[in-house]
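The data below hold one chain only, encoded as C-alpha cells and taken in the form predicted on its own.
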Amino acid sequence: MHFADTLIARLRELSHPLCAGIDPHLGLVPPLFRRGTMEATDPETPAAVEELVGAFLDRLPGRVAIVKPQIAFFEQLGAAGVAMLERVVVAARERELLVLLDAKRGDIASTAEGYARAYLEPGAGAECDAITLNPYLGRDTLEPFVLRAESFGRGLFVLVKTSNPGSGDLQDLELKDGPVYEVVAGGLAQLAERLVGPATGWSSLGLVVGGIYPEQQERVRERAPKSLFLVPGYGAQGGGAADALRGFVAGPSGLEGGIVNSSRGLMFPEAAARAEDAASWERAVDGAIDRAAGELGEAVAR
C-alpha cells in the first residue's frame, strides 16, 4: 500500500475529504453511554468510552475514508486507555477505515526510532496507517518515520501551521525567507519527494494546516505542491468548508489535496446528547456525518 495513493483513491470514490476525529472528551460523553462518575480515574470510565467509540466506528464505513484518534484522550485513562487504543485501531482497520494517529510525536535519535516502531511497523500493538509529527526538533527527527513510510507504505502529517490561537507565537515569526511555517513547509519538500505515489503524484508526507487560516493554506501549497494537507479547525472550531479547502487543487473529480477533520461535530452532535435510546443516538450521529460530508462534497465539486 502507498498511503497517499490509497487515501486519494478512496476520497475520489466518496467525493468528499471528511476525516472523522475520535476525541472522546469525558465531559461530552452522552448520558446514554455514561457510567459512574466519568472521571479518568474511575474504573468504569474506560468501558463507557470504548462502548461509545465502538458505536461511533460502526457509523463510519462507507461514509468516510479515514479516522483520526487523538492519543491524549486514551492516555488519560492510563494502561486501560492505551490498551483500548490498540483495540480501537484494530477495530477501525477491520472496518476498512484508514487510521491516522494524532500523536504529534517529535524526538531525537533512538527515541524517534521507538515512536516510529511503535505505530508504523507491521505487527505493532497500535499499528496505524499514518501519524502526526512535530518537526520543531529538526528534520533529522523525521527520518525514522520517513524510513517506515517508505518501507511499509505509511503516511506522515507534519505540523506546519496549526489551528490553535497561539500558533502564531512561533509559527508566524518572520525569517529572511518568510514566516517560520512557510520555511518549514519548504524545507520538507525533499522528504516529500521520496514519498510521492506512482498512481496520483501525491506525497505520503503531508502537512497540518489549520482550516481557519485559508490564506496561509494557499501560501503553504505554493511551497509544498505534492503534500497532502490535514486540515483541522473545521466545524466545532469555527472553520467553514470553503476555507478548509483553500489549499486544495483541481483533480480528476473535483478539488483534492488532503483531508478535513471534524471531531466534536461528528462524535458529539447536540441531538446525540439528548438521545434516550441507541436508535436516536445513531440518527443524530448519522445526520452530523452526512451534513459534514455533504457540505464538503459540495465545496469540492465547485
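Numbers for residues come from their place in the sequence shown, where the first is 1. Not measured: the values here are computed from a predicted model.
Missing here is the form predicted in complex with a further copy of the same chain; even so, the following discussion is about that form.
Using a 4.5 angstroms threshold between heavy atoms, residue 175 counts as touching a further copy of the same chain in the predicted complex.
Of the heavy atoms in residue 107, some are within 4.5 Å of a further copy of the same chain in the predicted complex. Mapping the unseen interface onto this chain, residue 275 falls outside it, with no heavy atom inside 4.5 Å of a further copy of the same chain in the predicted complex.
Using a 4.5 angstroms threshold between heavy atoms, residue 264 counts as touching a further copy of the same chain in the predicted complex. Put simply, of 189, 91, 196, 180 only one has a heavy atom within 4.5 Å of a further copy of the same chain in the predicted complex, and it is 180. None of 276-284, 6-14, 289-297, 21-29 except one has non-hydrogen atoms within 4.5 angstroms of a further copy of the same chain in the predicted complex; the exception is 21-29.
Contacts to a further copy of the same chain in the predicted complex (heavy atom within 4.5 Å) from stretch 134-154: 134, 135, 136, 137, 138, 139, 140, 141.
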